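So this first bit is one chain, no partners, the form predicted alone, shown in structure tokens.
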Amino acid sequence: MNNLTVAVLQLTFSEDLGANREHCAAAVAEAAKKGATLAVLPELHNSRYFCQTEDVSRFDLAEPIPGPSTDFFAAVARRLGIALVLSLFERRTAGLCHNTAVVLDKDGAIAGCYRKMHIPDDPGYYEKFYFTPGDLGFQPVKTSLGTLGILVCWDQWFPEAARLMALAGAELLIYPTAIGYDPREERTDQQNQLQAWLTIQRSHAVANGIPVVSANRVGFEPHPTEKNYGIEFWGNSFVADAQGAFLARAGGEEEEILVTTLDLAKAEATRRIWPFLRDRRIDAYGDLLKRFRD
């Protein structure tokens, strides 16, 4: 298929897990009504972003795959005839959990999974406490709509991840995301971080000649223990084409459902005029496998 109509669901979430799931389902239905055949949800959409603190009770949110969430959203996908990219807290066994994206095809079947490879450990984003790094590698997921390169949030800062997905045949890159402002930081720093986030992802589109889809949360989520603190998720979800140009972009304060049609064949034309894959010097890149060149 040369054309793919994709929906980016920029949403807010509460402490009510059931309400979050229904909210996501309603947004998917609205996206399907607007003609989308693929919908992308934000990172860890079943709950509020629980990684602001290290709390062992939060492991109760984890679930198996297949499991309750894949069953619920598979029914949504089948009913609406729409493929979905989910982002779940996967429980493999006690003490072994992953931050996992699941791709459901239009018939509700699980087309494939990706386990987040790069795990942050920063103030307000204590993900290493909860998630074991992924062990599925950078392998795109083949669907009836095309071959999807799924990566998750912190992965979006690493050009190596995007490149490996592209080299494995991904026709587009998709990033479920949960990122926002620290309200204690200067406004200028906040804006610089947002612009860096937009720039690095658009650069992956340019460097690999394929579109990029990024679905972020939006709205303020309070810190579980500190008053007048939390994360202001900055939204700005977007779709960029194979040259990094914005095809659709959400604002930074409200929920939005972006629906746009991608011309997947444009990657062929783009790569002909910008043949970066042709000109890579793979014979000279051995040092990339080192942590640092002393």
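Since we're looking at a predicted model, the values are computed, not measured. From 1 onward, residues are counted along the sequence shown.
Same protein, other form: the form predicted in complex with a further copy of the same chain, not shown, and the subject of what follows.
Of the residues 220, 158, 129, 72, just one reaches a further copy of the same chain in the model of the complex with a heavy atom at 4.5 Å or closer; this is 158. Screening 88, 82, 166, 150 for any heavy atom within 4.5 Å of a further copy of the same chain in the model of the complex leaves a single hit, 166. With respect to a further copy of the same chain in the model of the complex, the three residues 207, 277 and 280 uniformly fall within 4.5 angstroms at the level of their nearest heavy atom. At a distance threshold of 4.5 angstroms between non-hydrogen atoms, residue 284 is in contact with a further copy of the same chain in the model of the complex. Contact annotation for residue 144: none of its heavy atoms lies within 4.5 Å of a further copy of the same chain in the model of the complex. In the model of the complex, a further copy of the same chain lies within 4.5 Å of some heavy atom of residue 245. Residue contact check for residue 93: none of its heavy atoms lie within 4.5 Å of a further copy of the same chain in the model of the complex. Contact annotation: a further copy of the same chain lies within 4.5 Å of heavy atoms from the stretch 129-137 in the model of the complex, the single such stretch among 72-80, 212-220, 104-112, 129-137.
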